[in-house]
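Next up is one chain by itself, shown in structure tokens, the form predicted alone.
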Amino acid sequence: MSYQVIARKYRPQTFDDVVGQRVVTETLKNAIQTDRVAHGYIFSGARGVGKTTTARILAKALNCAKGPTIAPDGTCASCLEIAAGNSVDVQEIDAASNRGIDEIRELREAVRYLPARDRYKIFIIDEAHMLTTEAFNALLKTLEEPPPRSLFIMATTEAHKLPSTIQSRCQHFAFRLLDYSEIYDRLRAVIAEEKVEADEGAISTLAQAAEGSVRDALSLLDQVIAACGGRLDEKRVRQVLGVVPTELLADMMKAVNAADSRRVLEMAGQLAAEGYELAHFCGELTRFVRDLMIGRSCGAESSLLQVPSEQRKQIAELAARFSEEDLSRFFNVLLRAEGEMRYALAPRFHLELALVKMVQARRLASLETFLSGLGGAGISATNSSSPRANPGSPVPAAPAAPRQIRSENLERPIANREPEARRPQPEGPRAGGVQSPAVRGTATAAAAAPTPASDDPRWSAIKGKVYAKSNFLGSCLEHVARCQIAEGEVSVEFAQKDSFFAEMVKSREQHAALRAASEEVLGQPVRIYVRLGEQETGTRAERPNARERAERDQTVEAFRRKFDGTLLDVKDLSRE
């Protein structure tokens, strides 16, 4: 056969011809120009990104008759033999089939001799990770102290399988997957050279199907030219490659938007009946949802969208029907389904389940929204009767503490409390009709005696403000045993066993945060006092136990009513 496939026909012959690996090629060119070529290289990366091609170009650059040069002429005997793969001084070894210690011993014997004609004796070991452990060990000494004018280049798709002792003796270059635009431009140039007509959608389909590999893109191009002849259109190219039509993907997302479970299941059945590979369809739908997410977040003109220009309008219109939260949920569902379908005995069931989940996903409410609704409903009624509640600015409700439910005793009737203005004032010496500061302090203390922290709704509101800004400070305040809220003063008392939390609240940052929250709730400047209670002796503290607090907690009660549940067990996290 005289025909040469496109992937070989358009294989790069110079560093400048290599697509998408500029960092690697520039480094190698500088090494050649400054005479700093290493004796060992590792070229790693995915398939078809230019590892072996770059190794051959490096060999030609070093052994070219006009070299060493960064631009081998490609016409001398050395360049022609290296390009054909039959050079005496440049040996290519397939480690997948020559992976044992015997082959490496032969290589060690060959490297001892000087090059027959060229400047360097070069060994290109392809799929180097396939070598056995014994073979790697046999190669170590040669790599560390190679004979003069010898060079080793190891190409691999799995660099992590190379022993660290090998990697430490070589320079490592990682070849990246190519961008959609780079593959698209390369395909368009090759199509022009081949005198073939192709529309933008056909080239875009080939670039997407290549998944970052130039060689795959050129091989697919060869296939579709054989099938379609001199005119490539998108519909025919998709049929040849088995790629799902964009219209089908758009119709699927429109059915999801309409919450039509019947339609999405019928379309899944249609795909199976027409012979589409369902796992491949799931991957294509994942890619399409990704494009919608990019279009929704960054706009349809974003360079991140890897679609032809005429498809961008469709992406923009369809993305506008979903929120970013919807698309992220769809993306997550499809990624999980795609992973499960690879090893599933019945992949159709996993696809159908994923599609139904997508239909139902938009009906879901976030857990945070639900919890905040319960917390607000549970406390707002009590706070509305607080004597300090202002009709214009209601006291905010305390949200539920994260990851734990704590009781708040809000059953005490606030309306029966006597207003502070009507409380009897203690008698004491006055000077000129004005109460002295000492007596006024005593009166304030008598007017607001310390009460259990769970009994005061104002304290609950303060904790709610604190939780909105700092979960850490809020969790410390859960250990307050008693609180006293008087005119311009908030005094909290911790039990002796909770002295650690008291010290945390006393710190400058936490103290300031507590004062700010208190002033916001009480509507006036306040001073914060933190103290420890007396050592408990004999009897247990008057604070209700965990179950009693939970049974009185408004949020717990809201949960119980919402889900028609029963409180079975209570764990007191404050004692851990």
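Note that residue numbering follows the sequence shown and begins at 1. Keep in mind that what you see is a predicted model, and the values were worked out from it rather than measured.
The protein also exists as the form predicted together with a small molecule; that form is not presented, and the subsequent description refers to it.
Among heavy atoms of Val24, none comes within 4.5 Å of the small molecule in the model of the complex. Within this chain, Arg11 lines the site of the small molecule in the model of the complex, having a heavy atom no more than 4.5 Å away. Using a 4.5 angstroms threshold between heavy atoms, Arg186 counts as touching the small molecule in the model of the complex. Val556 falls outside the set of residues with a heavy atom inside 4.5 Å of the small molecule in the model of the complex. This chain appears without its partner; in the model of the complex, the one residue of Arg47, Arg547, Arg527, Arg531 with a heavy atom within 4.5 Å of the small molecule is Arg47. Here the chain stands by itself, but in the model of the complex one stretch of 458-466, 207-215, 495-503, 68-76, 207-215, has heavy atoms within 4.5 Å of the small molecule. When contacts are defined as a non-hydrogen atom within 4.5 Å, all of Ala7, Val18 and Thr53 contact the small molecule in the model of the complex.
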